[in-house]
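Okay, so here's just one chain, in structure tokens, the form predicted on its own.
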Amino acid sequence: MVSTINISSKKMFTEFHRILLSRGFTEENALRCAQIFTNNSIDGIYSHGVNRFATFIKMVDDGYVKPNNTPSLKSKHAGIEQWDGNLGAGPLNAMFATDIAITLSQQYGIGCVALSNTNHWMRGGAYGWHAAKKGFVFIGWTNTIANMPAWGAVDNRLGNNPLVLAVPFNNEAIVLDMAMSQYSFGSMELAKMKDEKLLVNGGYDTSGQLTNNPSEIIASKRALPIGYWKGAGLSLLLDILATILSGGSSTQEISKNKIEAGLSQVFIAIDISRLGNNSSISNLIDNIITDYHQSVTGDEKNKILFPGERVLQTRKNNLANGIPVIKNIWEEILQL
């Protein structure tokens, strides 16, 4: 049985901030980065919040993440810009790119920022929430190191290349944040720590059989693409688009280094206030979600939730009662 403790968001933020300062982050960058990791944890995305923080710090210590490097503009034309992330902190680079995309969309209706040579953005949904709560539609994705096989293959040539779609909704947002693998490696690592099985098969074991055992999938490094061949195809196209739009590295090139660094990412914001039907959009979404919530379930205990709705519930609970953290992970963080 894994032992967990509840940590207040204030205490978690304070510890993150302290550790980031000790690694040479400026006060501003330490505050912003600590807040992103804390917010991810508040929202229940522990795999890319508190559980990933020690790994992030190791990337800093090993020199793969440059604490105070900031993006530099490579080229621009109207509403599309290419930036070099200069191996800065992935979450800070991603938030920067999201804000630039928003600014471009206010000028052109749609803005696209493609970022090369950056690092893991942690939780992609963070940037969807950020943009959507400001009133903008958001589309974003990243490539990764090769960690997923093409459909029918046994070796990894694809990344699980997370994709984020976000829409403003009643002062909050509808946010879909999904990897191209059935489960992200972060969520499988968490299930492994808790000694839990996955709800559905998430990959292959070392003998090539489908399994819902996260330990076996992590050992084989053969995650299952969502929708089988469809997820594999989508992963490939996301990698191609991220590479050509950013002028950066592909999954193939990133994987030569064996360390997931120097990624390519795309951030698109759409200013829906420019649309001719803007005044009716809120009611339109309300009607769609109302109908969606009326879905008939086979189990009365199940409630149909839109993407991001569970996050709203988790956020409220974690702010009130503290963030549940695996004790060993928190002890490791305190020692950083």
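Throughout, we count residues from 1 along the sequence that is shown. The structure presented is a predicted model; accordingly, all values stated were derived computationally and were not measured.
Not pictured, yet referred to below: the form predicted together with another copy of the chain.
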Among the candidate stretches 22-30, 36-44, 288-296, 50-58, which one is within 4.5 Å of another copy of the chain in the model of the complex when only heavy atoms are counted? 288-296
Joint contact, 82, 110 and 234 to another copy of the chain in the model of the complex, by non-hydrogen atom at 4.5 Å: yes
Counting any non-hydrogen atom inside 4.5 Å, which residue from 137, 191, 254, 102 sits next to another copy of the chain in the model of the complex? 137
If the cut-off is 4.5 angstroms on heavy atoms, which of these, 206, 86, 215, 106, is the one near another copy of the chain in the model of the complex? 106
Heavy atom of residue 245 within 4.5 Å of another copy of the chain in the model of the complex: yes
Given that the partner is absent here, does residue 77 sit within 4.5 Å of another copy of the chain in the model of the complex, heavy atoms only? yes
Please tell me whether any heavy atom belonging to residue 127 falls inside 4.5 Å of a heavy atom of another copy of the chain, as the geometry stands in the model of the complex. no
Residue 240 within 4.5 Å of another copy of the chain in the model of the complex, heavy atoms: yes
Residue by residue through 168-190, which ones have a non-hydrogen atom no more than 4.5 angstroms from another copy of the chain in the model of the complex? 174, 176, 178, 179, 181, 182, 183
